[in-house]
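So this first bit is one chain, no partners, the form predicted alone, shown in structure tokens.
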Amino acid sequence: MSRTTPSPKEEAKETGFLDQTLRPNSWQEYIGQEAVKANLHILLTAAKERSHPPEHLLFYGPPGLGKTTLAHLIARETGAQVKATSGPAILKVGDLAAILTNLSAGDILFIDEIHRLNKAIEEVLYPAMESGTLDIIIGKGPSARTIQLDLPPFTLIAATTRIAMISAPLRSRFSGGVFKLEFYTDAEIAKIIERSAKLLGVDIEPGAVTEIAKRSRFTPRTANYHLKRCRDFAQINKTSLSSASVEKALALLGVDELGLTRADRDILTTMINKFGGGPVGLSTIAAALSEEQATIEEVYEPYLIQLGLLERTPRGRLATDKAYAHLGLKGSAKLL
């Protein structure tokens, strides 16, 4: 019995996978990253005219900027099937061999967080990317022998949040290009929120869009998360999605007008109240907050530095005058 394809909104209701529904399905719907899109358009169009699969591509940047979405849009553009996996999921060489040998001509292999691949698996990936061959060692010791299998032409698209952890030999084999995804502007985030609201069937006032956008840390994933939570708040409280309701909903989440969470503010207030605003070492801040150093350095600090609320100096972390003003605390940053 045939079944009509559900609309995105119906699909969201049926499956509950709202994040998947909110992903752009065309280049026109993909907002932002104009330089990356322009380069990809040239690469994909040229490959299509030559009847060749696109060359291997690597996308990097902070989480939530659209790396996975780009991979699926490229697949739509080329009419290719996507086989998706992740670096941590490929535990041994046999796992990668099984994936590669099951590819068909023109398929796209998408590996998320590729920096998590171990070196032995990387070595197997090199000839697969360069010459389309897979070298498998059978047996052990003196009786071991190598079998070389020919692979169908395929495109590897990889994504990472930690490009420095990818070895130079692997990075150099992405012949199609290595593209950095930039943070979005508030105007671009506002357009994304408006599109997502339509897909969710939510009526949202322009002022509410602006309030969510400026609290979204320049990241589409965060913007969609805030939109969904504000929608829930408005639904439960039987109110419209206005500026006032958005402010109340995000206040409950602990998100202030700059997009800082309670954890962000705790870092700044601890530095100011306990250590005079700094300079103070990362290990000292982590101990004072009972938090891991890596979490502070990789999750919270980048956004605080981007807003100019925190500085890294040779002597340690320093809370800026802007941090004092935002938190409403007296004092000023120390001069080194």
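Just so it is clear, the model here is predicted, and its values are computed rather than measured. Heads up: residue numbers just count along the shown sequence, starting at 1.
The following text describes the form predicted in complex with a small molecule, which does not appear among the structures shown.
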Problem set entry | Contact segment among 239-247, 88-96, 188-196, 208-216, judged by heavy atoms lying within 4.5 Å of the small molecule in the predicted bound form | 188-196
For this session: Could you confirm whether Glu311 comes within 4.5 Å of the small molecule in the predicted bound form, counting heavy atoms only?
Result: no
Exercise. Is the gap between Thr155 and the small molecule in the predicted bound form 4.5 Å or less for some heavy atom pair?
Worked result: no
Problem set entry | Heavy atom of Glu298 within 4.5 Å of the small molecule in the predicted bound form | no
For this session: Decide whether Gly316 counts as a contact residue for the small molecule in the predicted bound form under a heavy atom distance cut-off of 4.5 Å.
Result: no
Seminar exercise, completed: Checking Tyr60, Phe275, Tyr303, Tyr30 against the small molecule in the predicted bound form, the residue with a non-hydrogen atom inside 4.5 angstroms turns out to be Tyr30
